[in-house]
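This document starts with one chain, in the form predicted on its own, laid out as structure tokens.
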Amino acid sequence: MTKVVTLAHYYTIPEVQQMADKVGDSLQLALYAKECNADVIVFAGVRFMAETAKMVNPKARVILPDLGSTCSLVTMTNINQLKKWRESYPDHVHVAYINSSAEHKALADWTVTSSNVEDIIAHLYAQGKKVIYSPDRNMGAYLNFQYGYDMPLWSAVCEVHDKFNKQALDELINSLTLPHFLISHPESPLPVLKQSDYIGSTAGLLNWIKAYSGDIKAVILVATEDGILYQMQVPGRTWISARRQFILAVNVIRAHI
């Protein structure tokens, strides 16, 4: 009997998440498919996520419902130019973010997630290694700023996170009369990250919300893709709307609103 599993990334719309067998980050979902020994994987996400699922589950058939679903971190990266960039730093270790194409990962020495990137790069620097980082310029800029690294960075961004705008954020914060917190994904621009109360992966943002025990009237500003708000508000799965009655805002701190 063929075993089919449907996977949905946290950032998909709520209706898709409701249909899925498992909701999570891309690597977490790929590993789940392996653990449950799936024969067919239907991956509601973007192409690089489906590629990762295929790498982890080479015998499974992986179906991407929307073949045109991609990410600006991929489309902004010309592989031939990336290869030349990589070759221009022959004495450096190339660390690539998992949000990249299969061809991109093939040019990397390490592939990291937003959850483990800080530990892995710290490990490499502790060994005396020199590092270049791709493809996310914003995440790399944050790491350089936060830890004093001097990593050369590839220049691509997540178009969703890159739209978070410091001026709009300042205007919003100045208009608030209630206590507020800003939690952000490290794909956001550095000026936004500098103002954040917490910076972390998608799972990290969810865990921050679950652990929050402060003022129940506080405004929680969530600087990442909208889909995560669904996971933050499902009664019985998180405490947000059911027990804490938080106010969450995401679109209001984007540019051009």
Partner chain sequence: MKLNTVEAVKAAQNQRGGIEIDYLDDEIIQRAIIPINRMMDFSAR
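Keep in mind it's a predicted model, so treat the numbers as computed, not measured. Residue numbers count along the first chain shown, from 1.
If you look for the form predicted in complex with the partner chain, you will not find it shown, but the lines that follow are about it.
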Though the partner chain is not shown, can you say which of Lys210, Lys217, Lys194, Arg61 has a heavy atom within 4.5 Å of it in the predicted complex? Arg61
Which one of Trp85, Tyr125, Phe181, Trp110 is close to the partner chain in the predicted complex, taking close to mean a heavy atom within 4.5 Å? Trp110
Stretch in contact, per heavy atom within 4.5 angstroms of the partner chain in the predicted complex, of 94-102, 182-190, 167-175, 141-149: 94-102
Non-hydrogen atoms within 4.5 angstroms of the partner chain in the predicted complex: do Arg137, His161 and Ile199 all have one? no
Contact with the partner chain in the predicted complex for Ala38, defined as at least one heavy atom pair within 4.5 Å: yes or no? no
Residue-level question: is Val222 within 4.5 Å of the partner chain in the predicted complex, judged on heavy atoms? no
Quick one: is Leu27 in contact with the partner chain in the predicted complex, heavy atoms, 4.5 Å cut-off? yes
Interface membership of Leu153, the partner chain in the predicted complex, 4.5 Å heavy atom rule: no
Contacts from 1-36 to the partner chain in the predicted complex (any heavy atom within 4.5 Å), listed N to C, are Thr2, Val4, Thr6, His9, Tyr11, Thr12, Ile13, Glu15, Val16, Met19, Leu27, Ala30, Leu31, Lys34
